[in-house]
Structure formats: C-alpha cells, structure tokens
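The chain below stands alone, shown as structure tokens; this is the form predicted alone.
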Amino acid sequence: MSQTEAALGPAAGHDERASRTLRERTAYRLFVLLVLAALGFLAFLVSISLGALRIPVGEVVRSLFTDTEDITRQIVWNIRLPRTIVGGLVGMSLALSGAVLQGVMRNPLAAPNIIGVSAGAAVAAMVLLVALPQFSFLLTPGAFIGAFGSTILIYLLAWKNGIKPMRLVLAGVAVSAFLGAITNTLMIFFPERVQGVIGFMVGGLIARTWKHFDVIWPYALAGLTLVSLHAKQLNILMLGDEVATGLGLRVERTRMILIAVASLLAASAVSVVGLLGFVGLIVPHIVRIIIGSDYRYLIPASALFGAALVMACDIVARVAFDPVEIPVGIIMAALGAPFFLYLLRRGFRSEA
C-alpha cells in the first residue's frame, strides 16, 4: 500500500487504484485524445472569431472554405488565421519540450522556462535582435544553439554521481539568473533598440503573420516526429538509468538526443513569440494526471492540450481588457505561477 493510500484509508486507496486502472485502458486514452482534439478545434474557431471585430463562427467557416473577396475573408486569412496557427504550434512545441525534459531528467519541475532552456534561447535571440540585427535571419538556429548550450551547462553543473531534482532546479535558477544579467546588459548598451524587444521579453502573439508560421512549422513538425519516435525510450528512461542500461538502452546518447530535440522545440517557439513561460510546466502535469505517464499517449495529448491552452489564453489576452490587447505571456504567467507553487508545496510534502 502506498503512503497516500495508508494516510487516506482503504477507500481512498481503492479510488486511486481504480483511477490508475482507468488511465491504463486504451479506449479511455483514445477518448481523452479525441476530447483534447475537439477542445483544440473549438479554441481554434473561437480564436479566429473573437477580436476587435467579432465574426460569427458561421462566417469564419465560410471564409475558410469559400473563395470570396470580402473584408471578413481578408481579416480571417491575413490576420486571425496565421496568429491562431502560430499560437497553436508554439503551445505544442513548448508542451512537448516540457514533457521531454521532465522525462529525461525525471524531474517534475523541469520545463523550458524553469531550468534555463528558454533563457539560453532568449540570450542568443537578443544578441541577434539587439546587437546584430543584420543577422536576424539566423534567429531560430541561434536560439537553438543558446537553448541547447544552456541545457547542457545546467546538466553538467547538476551532475554529481547522478542527477538530483533539487540540484537540477538550483542549477537552472543560477544559470537563468546569469543569462538574465546578460540580457539586461544588452538592453542597457542598446537602449535605442529596447522598445522593439519588450514584447519579446514578455511573450506575445500580437502581429504574428504567415512569415512567422513559415519559421516555426518545420521545427515543430520535426520535433513532434522525433519525440514520437522516441516515446519508447522515454518510457524506459523513466525507470532509472540502471534499469534502462540493463534493458539495453544507451542512456547518455539517448538523453543527449532528446535534450537536443527539446531545445529545438523551445528555441523555435522563443524565436517566434519570445519568452512565453509555464506552458511546458503546466501542460505535461495536467495531461499526466488525466491520461497517465505512458509517453505513447502523453506526447500527442501534450501536443493537443498545449496548442489548445495557448490559443485559449490568447483569446483571453485579446478580449479581457478590450480594446486594449495584452501579451499572452501575462495570462500564462497568471496561470502558471500558482501552479508552480502548488508543485513546490506538493514536492516538499512528499520529501518530508
């Protein structure tokens, strides 16, 4: 009997076992995936419908599938649709990055913005945007190099006869603080260019167009494919390094590949919308509670829920303070900060 079952009694233990059994059923998992897909499609339609000009859903559908030349179609195709799709791809990328990092590092607090992956991508992006704007076309590859480099640095700093969750978080906080100092220094030395990167520092989808879609979709598709192909390896890594080695897995090689994929996903998202936090922390946890820890199902569920969550938060960012539009990063922070505190408190209680 687990500690939770012993503390709460036989009835609670029975409920916990029943919930675990339900989550292990293939039919239930497929049903959850269908529900998440439906939520994502609903968020997609509502996101295109709402804004400064509210367009009925029926007109949205007609504008998407008919070849008219009216103002509604222009708004849908040139403004709302690319922004919504970019938001969905960003949410998917960050959610997958968080799910992979949590599995590779066996740490529930591992997420791109928590352990410094996003900070590394942000520093590289800031160098290109502020100090070397003539090389801004290298934004995504540069952000990837920054994200991957910071992740490897954090991993090396946290390594001491293995990886401990708290040591990893502390190393991530330290590296993030150092990288944040570099970012602030760049803003001080190039004050005339700061105004253009304020939205980048917060994370937003304002004025995102098909150009941004062209930037992110190859990386998002490649990342989703690679993560899906490594679902079995992620399940094995969750068993621990010794067990994984005993099962024939090349642990360090697999870990480095997955860290590179997670960094690529986070970097592509950062290069398009900036420092959008907490998606990679919230989504994998909620999905894991609903569907279980099997990465064969956790990966598509995280992708769907991450896309739906960012699109939904972008809707709130557009209409909550109408006519003023706020960056979606503010809404995500308002959701993510309490959830992060909840995870910390639950973690400390489990260690006590």
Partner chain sequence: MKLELLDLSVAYGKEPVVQNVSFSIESGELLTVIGANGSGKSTLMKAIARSLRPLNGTVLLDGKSIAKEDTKAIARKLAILPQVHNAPPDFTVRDLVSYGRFPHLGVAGRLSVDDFHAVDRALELTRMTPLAHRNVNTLSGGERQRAWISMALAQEPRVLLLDEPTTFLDISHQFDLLELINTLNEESGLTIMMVLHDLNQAARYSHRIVVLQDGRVHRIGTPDEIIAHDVLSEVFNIRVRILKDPEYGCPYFIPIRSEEGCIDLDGAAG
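In this text, all values refer to a predicted model and were calculated from it rather than measured experimentally. Numbering follows the first chain given and starts at 1.
Below, we turn to the form predicted together with the partner chain, even though it does not appear here.
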- Item | Contacting member of Gly246, Pro191, Pro218, Pro133, with respect to the partner chain in the model of the complex [4.5 Å, heavy atom] | Gly246
- Message: Just to confirm, with a 4.5 Å cut-off on non-hydrogen atoms, which of Pro327, Gly40, Pro300, Gly292 contacts the partner chain in the model of the complex?
- Response: Gly292
- Query: Is the gap between Arg250 and the partner chain in the model of the complex 4.5 Å or less for some heavy atom pair?
  - Reply: yes
- Message: So, Ile259 and the partner chain: in the model of the complex, are they within 4.5 Å at any heavy atom pair?
- Response: no
- Query: With the partner left out of view, is Gly240 within 4.5 angstroms of the partner chain in the model of the complex by any non-hydrogen atom?
  - Reply: yes
- Task: Using the partner position in the model of the complex, report whether Lys232 sits within 4.5 Å of the partner chain, counting heavy atoms only.
- Result: yes
- Message: So if I measure heavy atom distances to the partner chain in the model of the complex, which of the stretches 31-39, 292-300, 306-314, 46-54 falls within 4.5 Å?
- Response: 292-300
